[in-house]
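Have a look below at one chain only, the form predicted on its own, in structure tokens format.
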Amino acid sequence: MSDSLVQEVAGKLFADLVPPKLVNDAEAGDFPAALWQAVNDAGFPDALAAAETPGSLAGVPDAAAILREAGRHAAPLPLAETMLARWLLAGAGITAPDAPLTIAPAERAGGLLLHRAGKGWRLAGRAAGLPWGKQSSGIVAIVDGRVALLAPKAADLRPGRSLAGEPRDDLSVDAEVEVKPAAAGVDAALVYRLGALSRAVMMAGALEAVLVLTVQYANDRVQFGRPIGKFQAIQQQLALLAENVAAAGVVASAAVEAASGQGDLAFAVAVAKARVGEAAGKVAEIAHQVHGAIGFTHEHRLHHLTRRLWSWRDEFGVESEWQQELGRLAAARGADGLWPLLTGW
């Protein structure tokens, strides 16, 4: 199945099953079990792990197509986290629970260690901002080239919420875990990059939805006898909004191609997360300016998207972190290596 067809199928599913009320209910603490079941039945959580070769990234285009639609509809699910977790478990030969999963840590600063305990292993440490921790059936971590599967009940999870109202828990753990070696070539740095890529793709979808909402509102809202979209100042703002949405979509798609073996993954993900995060800030600002007061009301759908944009841009590295990464990559290539890096990407 092509990634365009996958995206079409995912778009229809989310359009049918993610009304604004479901998003509001999820933010109030009601996990959308029926939506998860539909997504699971469609096979979406296994999109990344579907490749026959352990650790292969051949499933990235399909996974990205699904996540783009999830972001477009503000689907309140740990879908990206479950995709990554099942991919890690499949590569390590660990049977994945048939339920939502999450990844720890979600930030570089997370401190998790594996150490021997008799014939088994123990996972110890802390990690902040764990996505959907209490709603997950398992927490998957990769430490020192090994994949660990932790039962949430074995950890201390302090509940928290992101700006988007999505669960982000603080993890403290010292417990026995199931551990196996990760697939060849898979390490914590790669998982972190894939987490950043997932957020970039989800933001690209949300940005596209914000553009549609804003253009529609500018055409519908009449002031001084004509739609506000006819005023030059509004048109300039919409043009700037559309420019950022287009740029975000291009760099996110380029990073997906790089992940599937068609470019420099480290460079492409750094560009994507930095540029899409920058676009998220500008687009949200313009969208709320054009919508005016109604865009800030709880009843309007715009905040479902903009609050997720503000939240996701901070996860798996903020723009400045990835801009510094770009600087390191460029410096490592040297003066003669920068131009091939840019043109090759």
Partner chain sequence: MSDIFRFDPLTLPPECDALRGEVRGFIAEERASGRWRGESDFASSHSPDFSGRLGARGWIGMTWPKKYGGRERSFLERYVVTEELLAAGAPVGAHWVADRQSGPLILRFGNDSQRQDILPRITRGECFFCIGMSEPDSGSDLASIRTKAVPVEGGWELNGRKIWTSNAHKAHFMICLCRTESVDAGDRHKGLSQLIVDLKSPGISIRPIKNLAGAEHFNEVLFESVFVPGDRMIGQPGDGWKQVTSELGYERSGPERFLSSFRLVVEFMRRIGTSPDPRDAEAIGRVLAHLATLRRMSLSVAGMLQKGETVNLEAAVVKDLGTNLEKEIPEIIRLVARRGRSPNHSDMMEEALAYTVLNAPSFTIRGGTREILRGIVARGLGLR
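Numbering follows the first chain given and starts at 1. The structure presented is a predicted model; accordingly, all values stated were derived computationally and were not measured. Rigid core (definition): largest C-alpha set, two forms, superposition within 1.5 Å.
Same protein, other form: the form predicted together with its partner chain, not shown, and the subject of what follows.
Colleague: Can Glu243 be called a contact residue for its partner chain in the predicted bound form at 4.5 Å between heavy atoms?
Modeller: Yes - in the predicted bound form, heavy atoms of Glu243 and its partner chain come within 4.5 Å of each other.
Colleague: Counting only non-hydrogen atoms and a 4.5 angstroms cut-off, does Ala218 reach its partner chain in the predicted bound form?
Modeller: Residue-level check for Ala218: yes, a contact with its partner chain.
Colleague: Though only this chain appears here, would Lys12 touch its partner chain in the predicted bound form if you measure heavy atom gaps against 4.5 Å?
Modeller: Answer no; every heavy atom of Lys12 is more than 4.5 Å from its partner chain in the predicted bound form.
Colleague: Within a 4.5 Å heavy atom cut-off, is Ser4 in contact with its partner chain in the predicted bound form?
Modeller: Contact check for Ser4: no, nothing within 4.5 Å of its partner chain in the predicted bound form.
Colleague: What stretch, of 152 to 160, 235 to 243, 185 to 193, 129 to 137, brings heavy atoms to within 4.5 Å of its partner chain in the predicted bound form?
Modeller: Careful reading of the contacts points to 235 to 243.
Colleague: Considering its partner chain in the predicted bound form, which of Ala117, Ala124, Val212, Ala266 comes within 4.5 Å of it through any heavy atom?
Modeller: That would be Val212.
Colleague: Identify whether its partner chain in the predicted bound form is within 4.5 Å of every residue in the set Glu52, Pro54 and Glu107, based on non-hydrogen atoms.
Modeller: No, the candidate spot makes no contact with its partner chain.
Colleague: Just to make sure I understand: among 315 to 344, which residues lie within 4.5 Å of its partner chain in the predicted bound form, judging by heavy atoms?
Modeller: Contacting residues: Ser320, Gln323, Gln324, Leu326, Gly327, Arg328, Ala330, Ala331, Ala332, Gly334, Ala335, Asp336, Leu338, Trp339, Pro340, Leu341, Leu342, Thr343.
Colleague: Rigid core superposed, CA of Pro20 - does it shift 2 Å or more between the shown form and the other one?
Modeller: It does not, since the Pro20 C-alpha is displaced less than 2 Å between the shown form and the other one after the core fit.
Colleague: Can we say the CA of Gly334 moves by at least 2 Å between the shown form and the other one when the core is superposed?
Modeller: Indeed, Gly334 is displaced by 2 Å or more.
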